[in-house]
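First, one chain by itself: the form predicted on its own, in structure tokens.
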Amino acid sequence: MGKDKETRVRFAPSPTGHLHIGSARTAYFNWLFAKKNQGKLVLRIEDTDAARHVEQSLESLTHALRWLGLGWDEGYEAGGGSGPYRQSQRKAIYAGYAQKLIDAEKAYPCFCSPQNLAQQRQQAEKEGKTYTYNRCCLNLKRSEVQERIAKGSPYAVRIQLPHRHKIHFEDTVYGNITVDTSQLDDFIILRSNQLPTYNFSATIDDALMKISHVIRGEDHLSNTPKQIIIYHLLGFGLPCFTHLPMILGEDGRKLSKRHGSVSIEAYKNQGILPQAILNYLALLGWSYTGQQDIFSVQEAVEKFDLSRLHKKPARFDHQKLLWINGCYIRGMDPDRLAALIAQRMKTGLKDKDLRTDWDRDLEKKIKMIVPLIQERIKTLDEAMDWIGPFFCKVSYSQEAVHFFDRKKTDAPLVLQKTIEALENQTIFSGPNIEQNLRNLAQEMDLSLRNYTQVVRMALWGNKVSPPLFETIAILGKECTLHRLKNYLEAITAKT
């Protein structure tokens, strides 16, 4: 391929569901390669599998790509000079090329029924042989073929494989590969319903859309020899092939939900940031010189190189994804983080038992809360767990009510003294509250840890909370006293 030829890559999902990790990595690596080489990314929708097609998933796919920041230069919804970009709208194109191959005696109609082919396959299995199509329809006379077609007999179209021909190609990851056509059979390119097979439609589209580099998953490696045959028979030039290594779970098995792998939409709902997902995707099957795990998208563009892809399957580590997300959250501008959390609160707290004044000075409160939790959270969902008690009513579990039963700390006395101290607090700010309550703990001859444990349980219903004194200031005097009194009543009323 000439160096002056424009770099054109494609991401070609099938609309069968949400965008998942494997497909997202394929999209990202194509996007990175296009950006690195000042090329174009084409989005093509491969929607000819009617049985699996889910039209609604198209919106989910494109939304996920845009949320990740992976825009495309040409294709579905973007337009361009090689459309249409949905395969379901290109049936006439595929039929035309199939007829061209038939006319050149490089393909032929096959009238064998699915039942007949299944019987052939079963017979081969009984005999311990590898099944290959017996080419019975290749030997039909032209007049018989025309007669059957005229009668409306259903037929598929098969490639007439070159005899004892060796197919050579070089893959960026897997190196030089040679396949003998004797290992293949006359595969179908057009089904009896006149819809193309994947190998036929993908090859024609890649050629007509001038795709220079095909970058896709390793599971497509076995398709490449068949596609190269089609390229050659139709006189198309070959693109460069790159097959990305598989992604496995930590246990070495096929990646699934049990490994923490879910759709990109689900990660978004969990509070994973798009830049964290892209950062992690870049670590799956690709590396560069250096020990850096965290890098921006621009750094990834600068460093990306297909020659640094691995053959070895990548291992998906959900905990590392969370760790990376935590790094991005900690490095985020606090006001930006506060805005993201505020957006989530509209739905995240809707089923909670909210305080009547929960939305009073909401944005101001969230900005005050963020510095207390930013270093502690790995996802925006965790932020909701930390933030919830600021805006929701606190209830006390039996464990919380009986927490101090066998402890030396006199919890009722601590609560009563704290209520009195805070009722007399004139300036209700973090530093003033801290000084006042530290003095109170000393007066009661309690360690600060034992003292704050009582107050924290009263205010949070839990022994873990954000920094206590700042929490009290944000809750406000009225709410703080209300919770202290409620907890005092709960632990003194128990039987």
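The first residue of the sequence shown is number 1, and the count goes up from there. Throughout, rigid core stands for the largest set of C-alpha atoms superposing within 1.5 Å between the two forms. Note that the coordinates shown come from a computational prediction; the quantities given were computed from them, not determined experimentally.
There is another form of the same protein, the form predicted together with the RNA; it is not shown, and what comes next is about it.
- Contact annotation: residue 317 falls within 4.5 Å of the RNA in the predicted complex, judged by heavy atom distances.
- By the criterion of a heavy atom within 4.5 Å, residue 75 is excluded from the residues contacting the RNA in the predicted complex.
- Although the partner is absent here, residue 302 is not a contact residue: none of its heavy atoms lies within 4.5 angstroms of the RNA in the predicted complex.
- When the RNA is considered in the predicted complex, residue 467 lines it closely, a heavy atom lying within 4.5 Å.
- Interface residue among 395, 139, 176, 298, judged by heavy atoms within 4.5 Å of the RNA in the predicted complex: 176.
- The contact residue chosen from 340, 102, 117, 93 relative to the RNA in the predicted complex is 117, the criterion being a non-hydrogen atom within 4.5 angstroms.
- Contact with the RNA, judged by heavy atoms within 4.5 Å in the predicted complex, is confined among 229 to 237, 206 to 214, 417 to 425, 246 to 254 to 246 to 254.
- Taking the partner from elsewhere, every residue among 14, 312 and 452 has a non-hydrogen atom within 4.5 angstroms of the RNA in the predicted complex.
- With contact defined as any non-hydrogen atom lying within 4.5 angstroms of the RNA in the predicted complex, the contacting residues in 197 to 232 are 197, 198, 218, 219, 220, 221, 222, 223, 226, given in sequence order.
- Once the rigid core is overlaid between the shown form and the other one, residue 252 counts among the residues whose Cα shifts by 2 Å or more.
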